[in-house]
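Only one chain is included here, represented as structure tokens and corresponding to the form predicted on its own.
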Amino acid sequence: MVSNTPLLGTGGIIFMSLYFLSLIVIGLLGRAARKDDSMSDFYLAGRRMSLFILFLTLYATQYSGVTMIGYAGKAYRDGYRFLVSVSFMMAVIGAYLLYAPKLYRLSRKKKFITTGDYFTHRYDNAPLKLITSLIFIFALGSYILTNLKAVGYIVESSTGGVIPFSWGVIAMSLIMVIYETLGGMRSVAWTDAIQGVLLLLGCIFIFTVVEYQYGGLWLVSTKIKEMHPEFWKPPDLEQKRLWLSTLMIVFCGIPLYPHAIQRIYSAKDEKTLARSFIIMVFMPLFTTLFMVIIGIVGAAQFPGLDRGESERVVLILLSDISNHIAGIGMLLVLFLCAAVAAIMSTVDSALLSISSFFTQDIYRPIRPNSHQAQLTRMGKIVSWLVMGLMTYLAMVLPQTIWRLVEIKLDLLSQAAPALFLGLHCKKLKSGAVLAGLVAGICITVLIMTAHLIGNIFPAKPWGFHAGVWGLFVNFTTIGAVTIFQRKEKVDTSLTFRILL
């Protein structure tokens, strides 16, 4: 039976409250440290981020509430097969290495603020920039939404329901939007450094305690074999296709997170950026792997949870452990701080990125004569409006965290061909990229919404995500239009020569 015992006592709540207040203080310090009111200073911390800060902010941003809550819930439902997610997160670093060094050099030369600035420089196509900006804003909004849902679960479980889900979401949203608008990227990166350390320590702590409390992996595996024999079955062909599909949307989606790209822009130099990614390669072993194993332990200890309850399996395990191990209170506070820190580091980054997109890519072209301070002020207003909307949606939408992640990546990955090919194929034209992007989005949305118009398609045709089908159409369209454009150019040139 799942316990409703609060995970935190009075002392733990006071400690966490002081931690949250300290983040606002860091926001004030970030504001005091600003060099000027320019967008480069506010959104990119003056492009002077050191190795220590850059690594921790990348780490804290990539591993979020989805990792701490959603991954464990997915492992609870899927078992050992979800260990494949470790390879997914390692693949993300491989994707960064395909484009990050070249994009970084270009961003320093051209003074990019957002991903949209790259698309403007590379393609000079207003519809293409607008569509990609809207995709990025949608993805960032979904990212905020998934993490606000996770923080609501944590606050509710930590207090035994005394603070309900909705009030937890509102309180944490308010804290984040305050320190984000005070100091911009500088405050966000400094808080990320603290949150990244807490996240790593929290993952190691809960893995160690769960292993100790429940008898280690051998005992858990024996119990799982009896209770869930399906967890031990090798994946069939359909499951393998789904793995390949997930790998593709993760590879093409997560590295395109605009807030991660802004961190690439913010690096002090290219060597600092490269060293950060080298360290990041090893982080899935200490984060994703640990949380997946914890989800499997939860399946052995608390079988029968429905889909919604399984999203809380980490918190359920912590509640059970607190009833059996005396004196573990402060360690529980550490993990809960880590979980909340992971969420906050993601939300504040996504919020800052949405603000920069709206200001730089939408508002500034409308008001080209606006001065830097006015643009920065507009970005702060956008942050408050977006956070208010996301807070409301987090309280009313019923989807699980993992499903929201899939929807976001399906759409975000459609911008991958424009970025990857654009950096490496100098002759690629904007018309081909725009045609591929529109075609890919249309196919993706059609498959995702098919159930609303009579289930004309399954949710994942032949085991592949809607985003993968969209990518196939996207790349194919780019190739077809490019071939047509070259053929037309050759025909035109030939006709011109004949006429001469």
Partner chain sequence: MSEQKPVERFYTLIGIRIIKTEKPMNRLTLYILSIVSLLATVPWFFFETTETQLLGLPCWAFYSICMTMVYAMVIALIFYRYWTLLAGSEDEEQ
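We call the rigid core the largest set of C-alpha positions that still match within 1.5 Å between the two forms. Since the model is a prediction, treat every value here as computed from it, not as a measurement. Positions refer to the first chain, counted from 1.
Unshown form predicted together with its partner chain; subsequent notes refer to it.
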{"query": "Single option in 384, 80, 214, 190 placed near its partner chain in the predicted complex, where near means a heavy atom within 4.5 Å", "finding": "80"}
{"query": "Residue (of 207, 165, 302, 251) lying close to its partner chain in the predicted complex, criterion heavy atoms within 4.5 Å", "finding": "251"}
{"query": "Among 360-368, 89-97, 192-200, 134-142, the region lying within 4.5 Å of its partner chain in the predicted complex by heavy atom distance", "finding": "89-97"}
{"query": "Proximity of residue 273 to its partner chain in the predicted complex, heavy atoms at 4.5 Å", "finding": "yes"}
{"query": "Residue contact check: residue 285 to its partner chain in the predicted complex, 4.5 Å heavy atom", "finding": "yes"}
{"query": "Proximity of residue 377 to its partner chain in the predicted complex, heavy atoms at 4.5 Å", "finding": "no"}
{"query": "Residue 388, heavy atom within 4.5 angstroms of its partner chain in the predicted complex", "finding": "no"}
{"query": "Its partner chain in the predicted complex: contacted by all of 240, 278 and 426, heavy atom 4.5 Å", "finding": "yes"}
{"query": "Sequence-ordered list of residues in 224-249 near its partner chain in the predicted complex, where near means a heavy atom within 4.5 Å", "finding": "225, 231, 232, 233, 234, 235, 240, 243, 244, 247"}
{"query": "Core fit, then residue 228 C-alpha moves 2 Å or more between this form and the one not shown", "finding": "yes"}
{"query": "CA of residue 418, rigid core aligned, shift of 2 Å or more between this form and the one not shown", "finding": "no"}
{"query": "Threshold 2 Å Cα movement between this form and the one not shown for residue 297, core superposed", "finding": "yes"}
